[in-house]
Each structure stands twice: as C-alpha cells, then as structure tokens.
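Before any questions on how it binds or moves, here is one chain, the form predicted alone, in structure tokens.
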Amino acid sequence: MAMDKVDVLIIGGGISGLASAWWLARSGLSVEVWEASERPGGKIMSTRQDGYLTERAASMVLNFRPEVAELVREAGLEPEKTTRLPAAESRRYLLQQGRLNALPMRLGAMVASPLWSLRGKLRLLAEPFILSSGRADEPVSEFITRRLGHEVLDKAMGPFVAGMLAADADQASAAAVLPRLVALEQRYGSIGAGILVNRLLRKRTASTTETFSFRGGMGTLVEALAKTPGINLRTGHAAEELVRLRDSWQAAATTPQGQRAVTAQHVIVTTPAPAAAALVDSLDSELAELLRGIDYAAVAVVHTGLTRDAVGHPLDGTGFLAPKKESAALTGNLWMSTLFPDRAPPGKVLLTSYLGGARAPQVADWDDDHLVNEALEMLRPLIDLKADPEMVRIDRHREALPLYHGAYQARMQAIAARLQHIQGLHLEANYKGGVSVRDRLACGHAVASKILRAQQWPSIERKRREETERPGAKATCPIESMDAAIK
C-alpha cells in the first residue's frame, strides 16, 4: 500500500474541512482533504431546477467577523457575492394566533411593536435592572425568561432556536446557542447595557455586518475553496483508521482504487460526531463516548416555486418563524426570491419551508406527499396561497444539525481536555463552535492558526526562501500574516 506524506490531513470535505484547508494551504503547508462522498461541501449544495435555484442546506452567510470577510475576498469570491435585496432588510414575520405579524429587526422598533403586551414591554425595558444569577449551562428558556421575560421567549427566541437551529429552547444550552448574549450579561451585567457599550465602541471594535450569498448559490463557496491551489482534495476516500506514530500520524482510507494511506504531522477530523467517534475510539474511548453523546435533529426542506400572482401576500421580508404552539411541524419559511436575486424566474417566487427539528422528530419518517401537504396547508391561509406550486423539491437530512442540548459546554470542555493528551489531533465540526457557515469559516481559521503556531514548518520556510530569492521579491512570513489576521 502506497504511503504519501503531507503536513496536514483533513478528514471530511464539508465546509469545516474546506475552510481549514484554505487557511492552511495559503500559508504554504501541504494539505490533503479526504471526503467519503463523490462531491465536497457536505450538506451544502445548490441546485437549479426549472429555473429556480434552491439550497439543500445553508442558504446565506450572516457575517460580522473580519476573518470571514478576508476569506471571501482573498478566495476571489467578492465579485460573486450577492447581497440581500432591500425588500428583505426591514422585517421578519412571526406566526401568532394564525396570522403573520411583522417582527422588526431593530431593538427600538421591537420594543414599540404591537407583538408585545404592555406587561411584556415593561418586562423587556426592565432588563438592565435584572441581577445576573445564571447557572452554568443554563437552558435558553431559563436565560431568556430571566433576562427578558416569557413573551420574548415564546414570540422570538423560542421560534428562533427551533427554526434556525432545529433545537428545543427548554434543552438547548444558552452559552452554546446564544454565546454573544450570554457574554454581554457576564461582562456588563445586562444585555441592554452590553449592546449600548458595543454600539458606542463600534467604530473602533466591530466589523461590518452583512448578509449575502453568491451567484450560483452557496455551492459557489464550496467550489472556490475546493479549487484552491495547494489543497489536494480526494473524494471517495472513506477514512477507516487513525494510528499515532512516534512523531506523526498514519491514516488509512478505502478508495475506489483500493486502500490508501498517508502520514501527517497534524490530522483535523471534521466529520459529524458519530463518524469522528468511530475514528478516535481506538485512541481514546472516553473521547469517543463524549462524541457519541451528541444528538442530531432531522430536518426536511421543502422548496416550492409558484407564479407571483398565486401568492396574495406582499412577501416583503425574509420569511417567518413559527412557535411550537402555532405549528407542530413547520418551524419556518424563507422567501428566497425576496432575499436574493435570480432565485426564481421572472414573475415567479421561491418559498422554502423547514419542517422537523427537535420538536417534531417524526417528520423524518414522513413521505414526500405528507411533507408537501403539511407545508402547503400551513402556507395557504398565511400568505393567501391561491394555487399549487409548479415546482417542488425536497431535501431530507436525518442528521441535519447537532443539538447543543443539556450540559453542552461541559461536554465541549471535556472533549478539549481529552484532546490535550493527543498531540496533533484536532476536532473541528459544527458540533463545536456554531453551526452557521460564518462559524465554520471562522473556526477553520482558528484551528489553522493553532496548527501554524505549533511548530516551524519546513514547507513554509521553503516557500519563504523561494519567494525571497525571486528577483524583486519581498520577504514574507505566512505565520505572522496569520497571527495578524487573528488579532
């Protein structure tokens, strides 16, 4: 069996693996990515059907991190970006008492909104005066109720956690799911005070927040990262074994051409938790058990394309979220043709419904007709749907998103503690650090930076010498550049 040697082996060619590979390859390391399927990107995939552009999973990037902006720019994706259309910037809707009510996206407008009762508004305004008394791994429901009241939980945060994260607010860890809000309380004693301070300091400390996708959909991001010079992407490579050698790693995979093995200084495992557990079991059974304890939610995505005159609602927003008491299975609906251009043919609209999650696991067993009927039955009275869709596409994910439920922070701390004893092994998937594309790109940056700081890399030194020796070339240091990006 042939044995190749690389600086870093990445097992898993989803967005986490590709992002990690991009940051490493641009610094001069030799990087190989193993992907078990025949295509990279994991769940991210854009599909054209009858003139409609649908997303199998992630549909956009909501970014406020400078390293993510750097990746998009340096990967040559800036010309491919498509920003949110003006019609989708002002509001999101909330399903309440069988009707869609506008949920403003700015704090002041939220306080003035008729969504809240007088009592709810007074409770919201009292937030700065509430003492900080949260416990470790406090559930989202307890954190939000304690700080902002029951109405904000029922009408905003509960639907958000279910619709965006497929999770249950009663079980999800606030520190894991709402890290920025928890950090504001811990640092300033109040969410409101923290927001005010951050706004005052925004010109000096915060980056621009923007929502965007790409021409051709989110698959454009995957394609660009996969084609990065220096990344050796190997599809059809199913990792089977990891062995720690004296000062390196040896990994074996099953491929269409037979067994293949490589040695690497560092290995990054970016597969879902169950697959990662199987790989590390022989190295650390306790680590494997911690990974097996991470649960996933099943989600079905129903895309419907309709003529514009078949929908009576103005569709003047991003879409709507549905609280559990209003809808058992449908957690939300995105108005994709309002969000971004070219998602539907002229004179038509594309609506994407999300069903299932932690609150409706039974959805995973529904057939296609059941899924479509459930989505349409909910949509008809809400958006004045007057005709059946001309295009339907269904995407199913039995393990859509990891659930940050229970004592999740403690679990992550225990995993980190186990990894400290396994030199050169890194776990970097969406069960750690956030599930959004923004989070995955940022976490890829962080793990690459950690590896770059770990040792002096001969390949980086060779690249530096080659660039320095070229006539007129200036000396550069990729490690210093990476560190500067971190700061």
Ligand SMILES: Cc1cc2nc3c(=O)[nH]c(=O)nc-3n(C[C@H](O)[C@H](O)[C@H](O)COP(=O)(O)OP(=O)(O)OC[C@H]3O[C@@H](n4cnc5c(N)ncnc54)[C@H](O)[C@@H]3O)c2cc1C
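Note that residue numbering begins at 1 and tracks the sequence as displayed. Being a predicted model, the structure only gives us computed values, none of them experimental.
If you look for the form predicted together with this ligand, you will not find it shown, but the lines that follow are about it.
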query: With the partner left out here, if you bring back this ligand in the model of the complex, are 60, 401 and 437 all within 4.5 Å of it by some heavy atom?
result: yes
- request: Scan 266, 237, 155, 147 and let me know which has any heavy atom within 4.5 Å of this ligand in the model of the complex.
  value: 237
message: Just to confirm, with a 4.5 Å cut-off on non-hydrogen atoms, which of 354, 143, 249, 335 contacts this ligand in the model of the complex?
response: 354
field: Interface stretch in the model of the complex with this ligand - options 445-453, 65-73, 416-424, 35-43, non-hydrogen atom within 4.5 Å
entry: 35-43
- request: Although this ligand is absent from this view, report whether residue 215 comes within 4.5 Å of it in the model of the complex, heavy atoms only.
  value: no
task: Considering only heavy atoms, tell me if residue 441 and this ligand come within 4.5 Å of each other in the model of the complex.
output: no
- request: State yes or no: in the model of the complex, is some non-hydrogen atom of residue 56 no more than 4.5 angstroms from a non-hydrogen atom of this ligand?
  value: yes
- prompt: Would residue 272 sit within 4.5 Å of this ligand in the model of the complex, counting heavy atoms only?
  reply: yes
